[in-house]
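This document opens with one chain alone, in structure tokens, the form predicted alone.
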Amino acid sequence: MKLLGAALAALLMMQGAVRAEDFSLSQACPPSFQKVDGLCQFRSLYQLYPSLEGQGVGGLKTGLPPIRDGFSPQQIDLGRYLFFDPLLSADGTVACASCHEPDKGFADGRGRAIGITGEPVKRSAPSLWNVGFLKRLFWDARADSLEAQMEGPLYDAMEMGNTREGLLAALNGNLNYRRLFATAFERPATNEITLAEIYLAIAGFESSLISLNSRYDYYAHGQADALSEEEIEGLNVFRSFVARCAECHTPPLFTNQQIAVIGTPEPEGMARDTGVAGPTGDPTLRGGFKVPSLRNVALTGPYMHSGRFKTLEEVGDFYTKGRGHAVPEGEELYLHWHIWEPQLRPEEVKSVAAFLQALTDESMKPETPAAVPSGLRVGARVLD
């Protein structure tokens, strides 16, 4: 199975499975981006509002953090093909989209993702919506750029299982990709594809995944009837100094991008995940994880780093039961100071869950390609 790579791509080309004329790159920027001097620049109503800095838990009209933009339309569209193409994995069975499915909030609906081995990996696949705004990536926050992040799954033995040499051989052995990279980077097709070009194209596509057009956003921008009474009640509880949800899940991105130790129980039979303490060596961050964005959270269950909770109501129950209630005896965790004992009523937990449903927005979901340049199955691995 490890022999697919360039050899399989060449065989598919010879068999006529893919044709050069089937693939071209868009010259238009994705929704929420404006083409300026040939590059795609982000545009949003939130850019009219003040910065979040100094704004506490964030008012409804609070600005977003800076986004990664400035890619060309061709680079973004090339990244879209790469994202859905299992040629990037060692055996041609796993694409980025295998664990980040557009119809599942760019997650995969599993407590722990499944990669090239067919076995669950250590953690769940986080959503990629609005990932271009994030400065810390992975649950344990070990990457500080999209390029650094993608090296994790590409070369992890349990995820996509590839090597840098194997990835370059596969793509350089594919005539379609040679031509598409030449177009996207405005250079001769005789030049070899580089890792930097691969990473940049995928980063461009991932940065284009914008979800800021939910019913909550309509409400935030002044449409008072965009939310139901229950959802408004849930928003008020969410932002209150009783529940304190917004202190970590701060609007409008619904994350403060910080690290929090909250004492979530692991699934039965799993050892405690050390979280951020792993890459940092800091014992005070044992069991700490990056605060995820709650955008499209209704689509991305089960929840927490290992899928411990199936529903949003279960998450709410965990928080309202109080500080450290699920930490096993003898386990010393330095719980985040925001984690306390809100003692929310069941109807308040229900209203918060209802409000979180109003953060769903797939209006700018990119089109899944009908075919990918390798000729392999789009999105690859099918497990269900």
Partner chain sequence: MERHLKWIVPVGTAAIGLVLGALIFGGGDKPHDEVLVAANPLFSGGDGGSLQGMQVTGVRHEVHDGESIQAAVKAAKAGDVIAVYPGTYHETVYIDKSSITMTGVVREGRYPTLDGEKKLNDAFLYSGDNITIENFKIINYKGNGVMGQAGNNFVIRNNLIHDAGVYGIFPEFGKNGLVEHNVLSGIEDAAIYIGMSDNVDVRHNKVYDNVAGIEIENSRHALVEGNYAYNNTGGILVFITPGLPIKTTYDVIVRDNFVLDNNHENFGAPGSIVSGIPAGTGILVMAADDVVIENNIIAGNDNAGLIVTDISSVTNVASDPESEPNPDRVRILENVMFNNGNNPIGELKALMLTQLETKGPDIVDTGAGSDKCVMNGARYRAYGLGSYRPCRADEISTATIASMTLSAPAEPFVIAADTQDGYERIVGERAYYGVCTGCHAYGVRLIGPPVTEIQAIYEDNPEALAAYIADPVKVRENFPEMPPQDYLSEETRLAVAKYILSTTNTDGR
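Residue numbers count along the first chain shown, from 1. Because the structure is predicted, anything quoted here is derived from the model rather than measured.
Form predicted together with its partner chain: not shown, discussed below.
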How about residue 319: is it within 4.5 Å of its partner chain in the predicted complex, going by heavy atoms? no
Residue 156 near its partner chain in the predicted complex, any heavy atom under 4.5 Å? no
Quick check on residue 363: any heavy atom within 4.5 Å of its partner chain in the predicted complex? yes
Spell out, yes or no, whether the shortest heavy atom distance between residue 325 and its partner chain in the predicted complex is within 4.5 Å. no
Within 4.5 Å of its partner chain in the predicted complex, do we find a heavy atom from each of 219, 247 and 348? yes
Can you check 104 to 112, 300 to 308, 120 to 128, 219 to 227 and let me know which stretch has heavy atoms within 4.5 Å of its partner chain in the predicted complex? 219 to 227
Heavy atom within 4.5 Å of its partner chain in the predicted complex, from candidates 277, 232, 143, 182, belongs to 232
Select from the listed residues 213, 264, 172, 93 the one whose heavy atoms reach within 4.5 Å of its partner chain in the predicted complex. 213
Judged by heavy atom distances of 4.5 Å or less, which residues of 271 to 302 approach its partner chain in the predicted complex? 282, 284, 285
